[in-house]
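Next up is one chain by itself, shown in structure tokens, the form predicted on its own.
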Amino acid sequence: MTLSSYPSMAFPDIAAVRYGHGLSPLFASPADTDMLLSSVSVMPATPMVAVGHAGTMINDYNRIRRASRNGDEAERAAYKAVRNSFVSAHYNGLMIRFSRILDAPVTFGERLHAFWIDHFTTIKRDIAQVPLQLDFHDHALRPYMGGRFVDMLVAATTHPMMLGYLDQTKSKGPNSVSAQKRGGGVNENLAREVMELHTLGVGAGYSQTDVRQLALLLTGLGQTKDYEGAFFPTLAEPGAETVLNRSYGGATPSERDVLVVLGDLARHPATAQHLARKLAAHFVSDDPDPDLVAAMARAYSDHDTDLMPVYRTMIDHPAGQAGTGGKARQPFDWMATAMRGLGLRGADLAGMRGKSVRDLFMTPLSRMGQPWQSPAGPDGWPEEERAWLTPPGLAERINWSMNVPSRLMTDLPDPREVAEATIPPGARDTLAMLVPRAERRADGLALVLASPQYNTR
């Protein structure tokens, strides 16, 4: 499949295709930038996990798992049940994310949530971490994506999911009180990823010494027995550390020093450039217009890391409104767009559990190259179209388009009506000729959902 720009489109179509999940047969496309931005601060009525419940769930899981090792049949059955409930929570997280997209009149906010989840990638190492990861996505990222990046950075960096994933919970200052008594040393993973991935970006002029010094400064960060982020002075390295030529801390370790250095990293010009380019590459083009990136970076710095002016600059810039079709939809994005185009709502997915979720969504996503919540590493998913529009990946999209809609809907819609409602004028001419020739509705819908107009944005 070759990426190419669609014909010139009006703002509502660009807003729906580039900044959302395509045109919808159920909802009007955003009329202006304000309508797009209004979706950013919409908080879901039902979170994936209730605030403060993740730690309780994990402690209960661990307690039941320990008890099951005694060999008692009832305790083993209890452990199997609680483990299955955590697997279900993992599956349900996917269905909730889909449902939010299907029920949202404007989905720019949902696209942004996916973007920030990827920017602050965490990967669970055990099924027991599912509640913590869901808590991280909904409570450490989503509330801040319409505010200041510095606040989201602090929330993400100090969340126990991030601390555990990047081994910060194993880190101690070599001269800390705890290390003097029990041994241990500093772990640099969190510091490296904060600088390389979350703020400054690769090649921003920092050194390994800066990474090491930041790692020492972060040593007090850890988690309580209830899986809440906390600062432990006995784990922290005493004395001052120097990061990017600025000294932080002193004789008495303090969480304030961590907040100050994160604030400085968030406000660094390299961070403005890194985030601007990453947003532009995700929403507009794999190789974004330098003027667009520069304008977004200026908006970021001029508004003290406030993200809303950055989004507005991206949307209103000429490059942000140029012809669409030059970006590949990643598998999750494509699947959500396909279901939205079919006119499905969240209620249509509400009863799906276990094998149905696995067969219709989990396994196909993996075969398309994007297993649910399982990128290869902390740098998240690639942006380039060559990673997604591969022969095996496209074959799986075609297979899904041909077989899954009939399992999701009792009555399939007329594919001609779907094409007319969800593909902008001027971009559906070929489909207008091909779809009426399909022998079955299912075949016609497959032509629409597997078309370049659905696979690109």
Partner chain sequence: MTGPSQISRRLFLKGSAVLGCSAAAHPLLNTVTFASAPGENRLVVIILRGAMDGLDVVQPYGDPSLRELRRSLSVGPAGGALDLDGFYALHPALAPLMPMWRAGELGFAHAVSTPYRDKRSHFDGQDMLEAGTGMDVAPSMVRDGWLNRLLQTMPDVRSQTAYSVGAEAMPVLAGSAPFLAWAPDTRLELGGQAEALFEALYHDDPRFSGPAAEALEISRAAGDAGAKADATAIARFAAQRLKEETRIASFSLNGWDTHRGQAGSIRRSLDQLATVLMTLKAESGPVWGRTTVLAMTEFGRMAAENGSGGTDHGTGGALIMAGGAVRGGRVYGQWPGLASGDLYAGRDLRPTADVRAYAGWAMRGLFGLQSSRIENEVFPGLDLGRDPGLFV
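Residue numbers count along the first chain shown, from 1. No experiment lies behind these values; they were computed from the predicted model shown.
Omitted here: the form predicted in complex with its partner chain. The next part is about that form.
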In the predicted complex, which of the listed residues (Gly346, Gly184, Pro105, Gly263) lies with a heavy atom within 4.5 Å of its partner chain? Gly184
Name the single residue among Arg267, Arg76, Arg83, Lys170 that comes within 4.5 Å of its partner chain in the predicted complex, judging by heavy atoms. Lys170
Although the partner isn't part of this model, could you tell me whether Glu193 comes within 4.5 Å of its partner chain in the predicted complex, counting any heavy atom of the residue? yes
Is it the case that Gly146, even though its partner is missing from this view, gets within 4.5 Å of its partner chain in the predicted complex, heavy atoms only? no
Is Glu188 near its partner chain? Define near as a heavy atom within 4.5 Å, in the predicted complex. yes
Residue contact check: Ala128 to its partner chain in the predicted complex, 4.5 Å heavy atom: no
Which one of these stretches, 240-248, 88-96, 131-139, 380-388, sits within 4.5 Å of its partner chain in the predicted complex when only heavy atoms are counted? 380-388
Does its partner chain come within 4.5 Å of a heavy atom in each of Gly203, Leu394 and Ser451 in the predicted complex? yes
Taking its partner chain in the predicted complex and a 4.5 Å non-hydrogen atom cutoff, the residues of 312-335 making contact are Gly325, Gly326
